[in-house]
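Given next, in structure tokens, is a single chain: the form predicted alone.
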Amino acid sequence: MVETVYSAELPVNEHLLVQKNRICGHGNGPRMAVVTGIHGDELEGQYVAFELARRLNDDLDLLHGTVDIYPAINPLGINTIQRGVPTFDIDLNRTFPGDPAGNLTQVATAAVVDDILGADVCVDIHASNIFLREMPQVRINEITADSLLPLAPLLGVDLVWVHASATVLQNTLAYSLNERGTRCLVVETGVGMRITESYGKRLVDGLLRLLGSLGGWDGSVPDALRPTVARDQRVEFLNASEPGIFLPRVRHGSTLKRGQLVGVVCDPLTGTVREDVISEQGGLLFTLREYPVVYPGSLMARVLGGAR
């Protein structure tokens, strides 16, 4: 059943409409919320929302409880291919938990938080931007690691990255929900403005696996591979020193040796290589640049040192 979470009329005959698809099974099982579309240029979650709804509806007799799917928290951003909210020029994931007495975006985010609160678990799905490709991963604030770490491997991701609390922004949806007692896992996967179906299918399996662990799904799903947990290992950020075109020389998701060549920054004008991009530590290459143009400081890769 499609339900309206928030609705508002806008100038020039525009309309802001945030909706959810509530899929109910039988019995008094758990409630899981699946959120995506907070950033308008992150489309990987659109496929997940579609495929999850399709699979649940095809086998509704296997569902116990309720799944709420929120495919487009920022519909204006998705419609205009913008990361933030058009006109307001803000990142919606910096406005939670919202304010019922605030401006339009604050009222909308407050309505979203209020609608999700009380769920047994929420999964907030993001993609990377257009510049970087991410391996499927769950990101967790160390403050909530005790409650979320047991759930994260069920999602079938390659990596679980536990962040220091000092690096976590407090105005995100996940922080707001966890602070209010609703467990929320953040997934990063794929690349901006694209859909990687293989990643999406894995994540749908993971969502059903997570739901099953709560007693809400009787269907069969493949066993989850054991993810790498990044907690104490050092994450190496490889940033460009020279401008040019970045050409990778390794595959995304590969395990690197110390001192291995990750890629080169070349100069199309002179036909020369301006920089060799070297990994100073061995480990898992979980982020790799997708957009080739780089400038000094541009992130080209992230490597998890000591990955097993």
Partner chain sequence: MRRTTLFTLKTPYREPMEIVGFEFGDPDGEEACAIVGSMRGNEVQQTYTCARLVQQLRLDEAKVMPGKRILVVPSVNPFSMNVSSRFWALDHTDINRTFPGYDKGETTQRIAEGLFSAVSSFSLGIQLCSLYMPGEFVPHVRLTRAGEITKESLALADGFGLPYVVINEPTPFDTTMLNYNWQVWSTNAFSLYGHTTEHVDEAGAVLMVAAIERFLATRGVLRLPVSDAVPPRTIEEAGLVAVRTEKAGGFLMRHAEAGDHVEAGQVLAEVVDALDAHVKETLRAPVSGQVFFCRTEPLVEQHIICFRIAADE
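Positions refer to the first chain, counted from 1. Every value quoted in this text rests on a predicted model; they were computed, and no experiment measured them.
Heads up, the form predicted together with its partner chain isn't pictured, but that's what we're talking about next.
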Indicate whether its partner chain has at least one heavy atom within 4.5 Å of a heavy atom of residue 240 in the model of the complex. yes
Report yes if any heavy atom of residue 94 sits within 4.5 Å of a heavy atom of its partner chain in the model of the complex; otherwise report no. yes
In the model of the complex, residue 4 touching its partner chain (heavy atom, 4.5 Å): no
Taking its partner chain as it sits in the model of the complex, is residue 215 near enough to touch it, meaning that at least one heavy atom pair lies within 4.5 angstroms? no
Segment assignment from 248 to 256, 261 to 269, 51 to 59, 276 to 284: heavy atom within 4.5 Å of its partner chain in the model of the complex: 261 to 269
Under the 4.5 Å heavy atom criterion, name the residues of 8 to 28 that approach its partner chain in the model of the complex, in sequence order. 8, 9, 10, 11, 12, 13
